[in-house]
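The chain below stands alone and is given as structure tokens, in the form predicted alone.
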Amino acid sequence: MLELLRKMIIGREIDEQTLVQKKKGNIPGALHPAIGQEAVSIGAGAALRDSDTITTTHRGITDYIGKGGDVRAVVCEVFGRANGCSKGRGGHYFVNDPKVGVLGGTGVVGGTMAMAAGHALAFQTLGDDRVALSHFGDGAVNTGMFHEALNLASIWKLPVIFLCQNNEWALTVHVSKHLSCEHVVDRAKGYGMPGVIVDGNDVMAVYEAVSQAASRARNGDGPSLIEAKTYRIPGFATSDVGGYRSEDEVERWKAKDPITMFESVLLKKKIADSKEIESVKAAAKKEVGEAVLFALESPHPDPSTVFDYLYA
């Protein structure tokens, strides 16, 4: 449980420290921080095996950390450096690392759900008891890819978990304005799979839900849809000018901070004392800080290698 806390803090620190570096002009392109959503990424990753795979989104850095990704490698990738996990070619949009089973980040909303189903089809065909998990947001559930991926996964009983990080906002549109039903999981019945709602700010609740879905998938019972109710505290991206959310709404969710909530659980259950928690936080912040310094000193990709890595 202390490791879950450490990884949530690392995810938060990467977002916060790279936001500072972005303002200094050291990072190209916009950033899409996942501050407030760490419990979903870390809880889900902890419930999977090393051999399992995930696909992620434009907000996927903490998903990568949850799956066991290397801190230096992903920070270097955000900076666009050659020793990043995608050789500096993807930036934070395209976080990929086959070594830890992170096979697909994209800037296309909903673009990786069918990729996860494809991974699951490969596992099924090979007779492996591996599981694929797809991270996506509430905005993605209204794309054609959501319906196609869930339909085929159910027909073929693929070992895949569809995990919706419902942070309430598809860019500037609230979920109540773009979803035709009350909950995302209401759609699970139409595809013949179980749908589960969890508190996305409770890392243990996410862990339990994904563990159960993974067990179901490994047993040959097919896919599951999980809706983790959470919230992104910052705007959609560093280009977000705001104005579409009330201050009261943001403050309400800040009071449900997943890291603070989990620290309280650890203290209440006497799993760790305040000194141990502070030690974990300090070590995590130091690790990310050192990764940022390493990235700043790392080389950019050599332009002469622009056509490398295009084919397996």
Partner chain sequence: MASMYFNEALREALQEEMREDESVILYGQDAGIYGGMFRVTQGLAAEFGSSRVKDSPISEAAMTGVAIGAAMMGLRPICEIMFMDWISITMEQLVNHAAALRYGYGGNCKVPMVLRCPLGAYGGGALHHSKSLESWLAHIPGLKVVMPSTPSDAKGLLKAAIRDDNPVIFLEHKLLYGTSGEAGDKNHIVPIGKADVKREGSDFTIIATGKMVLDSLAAAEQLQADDISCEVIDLRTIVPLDKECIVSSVKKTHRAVVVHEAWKTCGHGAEVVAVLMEEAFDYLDAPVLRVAGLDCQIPFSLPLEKVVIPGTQKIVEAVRATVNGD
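Please read all numbers here as calculations on a predicted model, not as lab measurements. Positions refer to the first chain, counted from 1.
Same protein, other form: the form predicted in complex with its partner chain, not shown, and the subject of what follows.
Student: Work out which of the listed stretches, 248-256, 25-33, 65-73, 261-269, brings a heavy atom within 4.5 angstroms of its partner chain in the predicted complex.
Tutor: After filtering at 4.5 Å, what remains is 25-33.
Student: Its partner chain isn't shown here, but in the predicted complex which of A122, M204, I233, V173 has a heavy atom within 4.5 Å of it?
Tutor: Looking at the other structure, the residue within range turns out to be V173.
Student: Scan V185, A114, L103, V109 and let me know which has any heavy atom within 4.5 Å of its partner chain in the predicted complex.
Tutor: Result of the distance check: V109.
Student: Residue-level contact is defined here as any heavy atom of the residue lying within 4.5 Å of its partner chain in the predicted complex; does F94 satisfy this criterion?
Tutor: Yes.
Student: With a 4.5 Å heavy atom cut-off, would you call G289 a contact of its partner chain in the predicted complex?
Tutor: No, G289 stays farther than 4.5 Å from its partner chain in the predicted complex.
Student: Within 4.5 Å, heavy atoms only: does N219 come near its partner chain in the predicted complex?
Tutor: Contact check for N219: no, nothing within 4.5 Å of its partner chain in the predicted complex.
Student: State yes or no: in the predicted complex, is some non-hydrogen atom of S211 no more than 4.5 angstroms from a non-hydrogen atom of its partner chain?
Tutor: Although its partner chain is absent here, S211 would stay clear of it in the predicted complex, with no heavy atoms inside 4.5 Å.
Student: Going through 223-256 from first to last, which residues have a non-hydrogen atom within 4.5 Å of its partner chain in the predicted complex?
Tutor: If the 4.5 Å heavy-atom criterion is applied to its partner chain in the predicted complex, 223-256 yields F236, S239, D240, V241, G242, Y244.
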